[in-house]
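Coming up is one lone chain in structure tokens, specifically the form predicted on its own.
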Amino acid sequence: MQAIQSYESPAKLILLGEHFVIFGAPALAVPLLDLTTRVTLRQVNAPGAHLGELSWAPATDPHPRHLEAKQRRQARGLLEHAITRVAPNSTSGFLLEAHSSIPLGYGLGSSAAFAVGVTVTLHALLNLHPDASTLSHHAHALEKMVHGNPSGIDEAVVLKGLPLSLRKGEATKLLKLSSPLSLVLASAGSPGSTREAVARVAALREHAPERFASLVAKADALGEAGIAACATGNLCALGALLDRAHALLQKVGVCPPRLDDLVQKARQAGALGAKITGAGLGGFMVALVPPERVERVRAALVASEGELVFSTVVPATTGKT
């Protein structure tokens, strides 16, 4: 019988710090346990990387066949790279299957979940038992193939399945949540462009270095305040920080008008705060909402023609390390 291993990874969401984390500000991220990617690997007799069934959550991409071909090319490339890193002398091949409910390219960690899944299953299939740091290192290498220069927080949150904070040059830390977070998310109907968003931020930094440094300092303060608000369970304060973080992201030019409108609609419907999440220029917005107002905010976003609208709860981290 062929050896087989499977692993399921959650999505992730950036609460605070995207775009500024690589310049020294802290990033805060949480897992989205309702959205997952399941990766299954089998050993086969033919050497190399082989693809079986791959399925991702439906997206509103106008060219689904083109997107499917791109997904398969990327999946094969990531698996080949993982094999080269983990099992360079293997004489067997590996057949990959993946099924995901995480929308591709929307800033919710689809590539990180896939990278972690491939990394964990490949090690397990080969009866290797690396520590968490090694697994994270390999998953990060796969993430770099997709995003170029990722901060590392995506695969860390996905691998541990816990809220984390990260400051550049430091190890990730558990983000203490004294209270669960009720969140409502909605997309603008199209994936974001991480490369274009990063390029806009880089251009601002180059042409207005003093202004950009001021924005980084503000993002740093927001991140530290966010860590404190999460630890004390002050959700009103955290909501206000999300609003301020969105204003910073508007200033670096990564908030499309459609998501700006959805953010405003969520606030008007009773959210404690709302912002875009991820790279921007598409993707998702997230609203922090009192539990009793979740349905009201969700309905308002649906009425405003938000797409892929859903609610989720991030559990408190009491007793976790």
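In this text, residue numbers run from 1 along the sequence as written. Given the structure is predicted, the values throughout are model-derived calculations rather than measurements.
Omitted here: the form predicted together with a small molecule. The next part is about that form.
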Quick check for you: of 274-282, 289-297, 39-47, 256-264, which stretch puts a non-hydrogen atom within 4.5 Å of the small molecule in the predicted bound form?
274-282
The listed residue (P150, G77, P130, G233) that reaches within 4.5 Å of the small molecule in the predicted bound form by any heavy atom is P150
Tell me, out of S100, T121, T194, S182, which residue has a non-hydrogen atom within 4.5 angstroms of the small molecule in the predicted bound form.
T194
Is every one of K12, I22 and G107 in contact with the small molecule in the predicted bound form, taking contact as a heavy atom within 4.5 Å?
yes
Any chance I227 has a heavy atom within 4.5 Å of the small molecule in the predicted bound form?
no
Would V198 count as touching the small molecule in the predicted bound form under a 4.5 Å heavy atom rule?
yes
